[in-house]
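First comes one chain, alone, set out as structure tokens in the form predicted on its own.
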């Protein structure tokens, strides 16, 4: 297996179909494959261990990804939003490497020895030059992609994804050549995230034209949807929330007539946001995709029919599924276990484990973290209902232990978000001399102000008294990373200060 096979199949099936476009540059599938093969020859000639990518989304990212696969060299997209020192440390871990970079980003980093840089535009130009040599035969199976984790709780880990993991995910979840020729997907997630990698692979295998938005902006996203006749889009929850807020403020329709499908994932989706989004895009199918870097992206889906059934149901057990991440993919198994490793039943909260051919669970320098039976501990907590729908309940590390009692932040946040005055909420544990840990909440209000005592009474009326936040801070915004994941450590630090 080699992920370059996905591109080869697409180029053979529809060579003249537009494959990717960004900033006025467009490549057909035949041109993208030819460019990847020339890029592979340059990578092989460089005799490096890794290919790094330090740049915003562009066709060069796709050429580097598939070119690396053909050359048999792991592809490592880097987070250009990190500081120069942070990037230097990560690049040092992959040296000697070929670094495809935007000059502005590369110039801000003290590059270690063994790093050969090439301007992103120059790399793409050379790959598109028919006079350059090409490497036609893809390498044998090896590591396809190495992604550094966000490092929000410590030193970033190097998650390893082999060709067999990514290939299994794509062929198991995407129908080959299923997209119509006029289909176009707008990708606005960064290329250094697993969602950016999987968006390229899945769109290529489906035969869908990829429209890249290097830096997310609501007005530009709406403009591109109209100008490029976008039919499909993937967003993280914070992006969708900003689009909804923009449409609410404008008091106007989205006016994106070609748009048929919006997929979202990467972080918590507040129930009010998805309800408002469905109201703004009544003819659009919504899909919630839940996955991790270590699982080659999506492992659970809440599909369009699930959204419609939940939104229209009067049964609270059905309606709550709108806040779930859906059911597992056919080739994926999900298990929920307690801290002792015992399997839990429906609606019982525990640690979420996953197993399947797309699950890597492997890190550079650490090896595989799969257990003897192939299960990977996601370190997410949650439960599965009687219908097989998975509900997330936060990270295992986020559990608040108050007097020996485990309290889920997500449980308290869900109640707070149900209050009409609350726009967003983050619940964390704080030191408590009597109970070990106490409950604190950072609150974003919709407009005006609400008394802390009112919100405490609201929670007390719906949950046990131990869940009532003993401290409440009102803030303008909550800290999220670029993929929409709440940075609880920042919230904790603000309470400590």
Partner chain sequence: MRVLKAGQKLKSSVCDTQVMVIKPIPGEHDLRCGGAAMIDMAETPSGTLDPAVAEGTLLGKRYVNADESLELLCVKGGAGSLSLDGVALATKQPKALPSSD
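Positions refer to the first chain, counted from 1. These figures come from a predicted structure and were not determined experimentally.
Beyond what is shown, the protein has a form predicted together with its partner chain; the following relates to that form.
*Asks:* Flag this candidate site as yes only if 82, 192 and 221 all have a heavy atom within 4.5 Å of its partner chain in the model of the complex; otherwise mark no.
*Replies:* None of them does, since no heavy atom lies within 4.5 Å of the partner.
*Asks:* I need to confirm a contact call. Of 330, 282, 388, 345, which residue comes within 4.5 Å of its partner chain in the model of the complex, counting heavy atoms only?
*Replies:* Answer to the contact question: 330.
*Asks:* Though its partner chain is not shown, can you say which of 263, 277, 97, 211 has a heavy atom within 4.5 Å of it in the model of the complex?
*Replies:* Contact with its partner chain in the model of the complex is made by 263 alone.
*Asks:* Have a look at 389-397, 82-90, 161-169, 105-113 and name the one stretch with heavy atoms inside 4.5 Å of its partner chain in the model of the complex.
*Replies:* Selected stretch: 161-169.
*Asks:* Report yes if any heavy atom of residue 180 sits within 4.5 Å of a heavy atom of its partner chain in the model of the complex; otherwise report no.
*Replies:* The answer is no: residue 180 has no heavy atom within 4.5 Å of its partner chain.
*Asks:* With the partner left out here, check for me: in the model of the complex, does some heavy atom of residue 408 sit within 4.5 Å of its partner chain?
*Replies:* Result no; residue 408 lies far from its partner chain in the model of the complex.
*Asks:* Even though its partner chain is not shown here, does residue 324 get within 4.5 Å of it in the model of the complex, heavy atoms only?
*Replies:* Judged by the heavy-atom cut-off of 4.5 Å, residue 324 is well away from its partner chain in the model of the complex.
*Asks:* Taking 4.5 angstroms as the cut-off for heavy atoms, does residue 373 touch its partner chain in the model of the complex?
*Replies:* Residue 373: no contact with its partner chain in the model of the complex.
*Asks:* Any residue of 279-313 with a heavy atom within 4.5 Å of its partner chain in the model of the complex counts; write them all down in order.
*Replies:* In sequence order, 287, 289, 297, 298, 301, 303, 304 come within 4.5 Å of the partner.
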